[in-house]
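Presented as C-alpha cells, the chain that follows is alone, the form predicted alone.
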C-alpha cells in the first residue's frame, strides 16, 4: 500500500516538476545561445494562452470520459464570425459576445446531438469537425477577400498585451476551478467519468452534466477565439487548425488521464499548455525541424498515457 501511495504522489507532482525542468532548460539553452530570454517568455505566453483557455474548458468534457476533436474548428468559426461582426459594427464588446455566443451554441449542438441520438460524443464531434471546416471556407469566401477576413490591427492593438491575456486566463481558470472543485457539478462529473452506471443509479443525469460540460467548454472556446483575433487579426482557413490536437496533448501533459473520472483536474490544462510550448521552443533552439518536433511530442504523449494508466487497478475507483 505504501508503494502505491508513493507512486500516486509522484504522479501528482510529476507534471509540475516537468514544467519547471522545461523552464530551466529553456532558460539555460537560451542564455547559452545568447537568445533574448525575456522576449522568448513573452512569445511562450502568447502561444500558450489560447490553448490553455480552450483546454481548461475542455477538461469538463474529458472528465466525463469523452473528448471533442472539433474544438480547433469551433475556435476558427467563432473568431471569423466575431471578426465579421466587428467589421460591421466596430464594437469590441459585440465581437467578444459573438465569439463566446457562437462557441457555446456549437458546443450545445454537439451535446444535444449526442444526447438525442445516443451517440458517443467523439462521433458527433467528428461530424461537427467536417461541418465547421466547411463553414470556415464559406465565411471567408462570402465575407472576406477570398482567402482571409481581416480586423483592423489598430482596432485591437490596445488589447494585444500580456496583461490582458493573462487576466483573461486567470479569471477563466478561477471560474473553472470554483465550479469544478467547490460545487456539486464537479463532483457529479467526476463520479460519472469514474463509474457512469453507479452515477446514474444515484440519480445523476448524464445529459444535464454533458450540457454543463459543453457550455463550460464553449465559453473557453469563445474566449480563445477572441484572443486569436487580438493576437492575429488577419483570419484565414488555417486559423486555430492545431488547437484541437494541442488541447488533447496539453491535458495529457498536465497529468490528467484521458479516461477522465476522479483523477481529473482543471490545472492539468494550464500546466500542460505551457509545458508543451516550452518543449516546442526548446526544440526550435536546437534547430529541430517541425516534423521531428511533432514526433517528439507524439512519443512523449504515448509515454505519459502509458505511465498514467499503468498503475490503475481494474474496476476500482481511486481512493
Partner chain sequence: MKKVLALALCLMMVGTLASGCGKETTENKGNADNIGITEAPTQEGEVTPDVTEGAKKVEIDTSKTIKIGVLVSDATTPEALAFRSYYTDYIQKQYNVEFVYSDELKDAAGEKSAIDTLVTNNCKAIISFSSFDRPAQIEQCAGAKVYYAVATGTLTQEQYDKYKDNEYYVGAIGPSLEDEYQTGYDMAKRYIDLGNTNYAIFGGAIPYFTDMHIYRAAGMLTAMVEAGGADANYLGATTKEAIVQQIYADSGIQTGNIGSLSIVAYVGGYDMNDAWFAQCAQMAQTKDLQVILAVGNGSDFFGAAIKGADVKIASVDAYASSYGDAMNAGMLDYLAGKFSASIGPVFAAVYSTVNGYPIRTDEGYALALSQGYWIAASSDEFQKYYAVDSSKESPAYTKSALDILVGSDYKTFSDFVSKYSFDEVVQLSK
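Residue numbers count along the first chain shown, from 1. These numbers come from a predicted model, not from an experiment.
The form predicted in complex with the partner chain is left out here; the points below concern that form.
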- At 4.5 angstroms, heavy atoms only, are 236, 270 and 285 all close to the partner chain in the predicted bound form? yes
In this chain shown alone, the residue from 96, 135, 232, 245 with a heavy atom within 4.5 Å of the partner chain in the predicted bound form is 232
Check your understanding: residue 35 near the partner chain in the predicted bound form, any heavy atom under 4.5 Å?
Key -> yes
Quiz item: So in the predicted bound form, does any heavy atom of residue 177 sit within 4.5 Å of the partner chain?
Solution: yes
>> in the predicted bound form, does residue 88 come within 4.5 Å of the partner chain, counting heavy atoms only?
In response: no
| said: When the contact criterion is heavy atoms within 4.5 Å, does residue 173 count as touching the partner chain in the predicted bound form? | reply: yes
TL;DR on 211-219, 74-82, 117-125, 146-154: the one with heavy atoms within 4.5 Å of the partner chain in the predicted bound form is 146-154
Residues in 166-192 that come within 4.5 Å of the partner chain in the predicted bound form by at least one heavy atom, in order, are 166, 169, 170, 173, 177, 181, 182, 187
